[in-house]
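Below you will find one chain, with nothing else, as structure tokens; this is the form predicted alone, and questions on how it binds or moves follow later.
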Amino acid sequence: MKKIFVTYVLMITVLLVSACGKQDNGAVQPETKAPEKPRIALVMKSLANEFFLTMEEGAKAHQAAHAERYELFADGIKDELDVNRQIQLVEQMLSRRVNAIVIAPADSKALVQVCQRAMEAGVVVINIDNKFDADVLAERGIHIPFVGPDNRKGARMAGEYLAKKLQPGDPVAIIEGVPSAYNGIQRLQGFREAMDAAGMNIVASQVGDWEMAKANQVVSALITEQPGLKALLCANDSMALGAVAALRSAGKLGQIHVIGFDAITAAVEMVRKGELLATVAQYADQLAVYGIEAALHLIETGAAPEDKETPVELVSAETVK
């Protein structure tokens, strides 16, 4: 019995040594887990606005072409003014353990706090499209890099083009975006600078909240109150479309110049038809990509975050493609 037991032990030992030899020869190797790809969240404003749908499409196309570099989670709000919902979206992205958040904030002040919480959790935050309020950032002692266009320059460019079609003293009106949005404030300033420099008479400046329906109502009332109105400067294309619809209903289409901002497809087509004098392209599809690339750069290199100005271009009858 003892000899059988000894023989059995020897056989087991030989098998174990043989197995170890196979591992040493590389026949059996433990699996190495691939490093996880960075998870990037894109949080946008209203997806009812073609501008942000284009932004989302551009981001998804970029991720598909660079699938080995990162994962993408993209979402946006339904209503331009639903700031609380956008805050919830940021919180949801944090619960998904994203490495970076690229955000086009609906409000330049209200979204700073939740983005600061993200940064404190080690998440990279990149601000696109609508710049965070500098005073609020300074109060909180943080810097969030802004990757986006100079909205003031773009609006001034459009206003200067409009001024060439008018005479000094002509009455014009401005349809503003959301008053608390930095890009809306900058576009308003750019419009005013161009009109003041050309000697135009700004007879009204009213809020359209970025919405087509709201702008339609505002413009319908304005053209009754100001029968001599010569031009409408709209802070985005959705409002410009609402303005054009109001003019068409009133039988004044072609009598009052309208400019917009964003160069969405419908607006560019109206420029081509002569229903819209001009709009400003800020390349929504590339804007998200610029932000994503900035986020990846910070994640991959640990470099200090920096602002980056992205291009704007006037789209008019002379330049429309």
Partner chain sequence: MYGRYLLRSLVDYIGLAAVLALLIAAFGFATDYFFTWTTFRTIANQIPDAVILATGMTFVLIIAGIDLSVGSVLALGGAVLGLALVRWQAPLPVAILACVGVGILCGAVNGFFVVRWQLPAFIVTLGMLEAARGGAYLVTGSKTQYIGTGIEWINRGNFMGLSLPFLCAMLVVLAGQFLLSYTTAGRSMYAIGGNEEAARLSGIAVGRVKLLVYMICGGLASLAAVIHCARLTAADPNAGIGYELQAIAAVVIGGTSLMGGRGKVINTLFGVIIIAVLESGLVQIGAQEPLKRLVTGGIIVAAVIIDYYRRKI
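Residue numbers count along the first chain shown, from 1. Since this is a predicted model, take the numbers as computed values, not measurements. In this text, the rigid core denotes the largest set of C-alpha atoms whose superposition between the two forms falls within 1.5 Å.
The same protein also exists as the form predicted in complex with the partner chain; that form is not shown, yet it is the one meant from here on.
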Practice task
Considering only heavy atoms, tell me if residue 117 and the partner chain come within 4.5 Å of each other in the predicted bound form.
Solution key: no
Practice task
Evaluate residue 224 for contact with the partner chain in the predicted bound form, applying a 4.5 angstroms cut-off between non-hydrogen atoms, and reply yes or no.
Solution key: yes
Exercise for the section: Consider residue 78 of the chain shown here, and say whether it contacts the partner chain in the predicted bound form, taking contact as heavy atoms within 4.5 Å. Expected result: yes
Exercise for the section: Indicate whether the partner chain has at least one heavy atom within 4.5 Å of a heavy atom of residue 108 in the predicted bound form. Expected result: no
Exercise for the section: With the partner chain left out of view, choose which of 90, 207, 166, 195 has a non-hydrogen atom within 4.5 angstroms of it in the predicted bound form. Expected result: 207
Practice task
Could you work out which of 263, 256, 270, 296 is the residue within 4.5 angstroms of the partner chain in the predicted bound form, going by heavy atoms?
Solution key: 270
Problem - Location of the partner chain contact in the predicted bound form, chosen stretch of 273 to 281, 62 to 70, 36 to 44, 287 to 295 [non-hydrogen atom, 4.5 Å] - result: 273 to 281
Exercise for the section: Kindly confirm or deny that 131, 162 and 320 each have some heavy atom within 4.5 angstroms of the partner chain in the predicted bound form. Expected result: no
Problem - Residues of 222 to 258 having any heavy atom within 4.5 Å of the partner chain in the predicted bound form, listed in sequence order - result: 222, 224, 225, 227, 241, 242, 245, 248, 249
Problem - residue 60 C-alpha relocation of at least 2 Å between this form and the one not shown, rigid core basis - result: no
Exercise for the section: Establish whether a shift of 2 Å or more occurs at the C-alpha of residue 178 between this form and the one not shown, with the two forms superposed on the rigid core. Expected result: yes
Practice task
Taking the rigid core as the superposition reference, indicate whether the CA of residue 252 shifts 2 angstroms or more between this form and the one not shown.
Solution key: yes
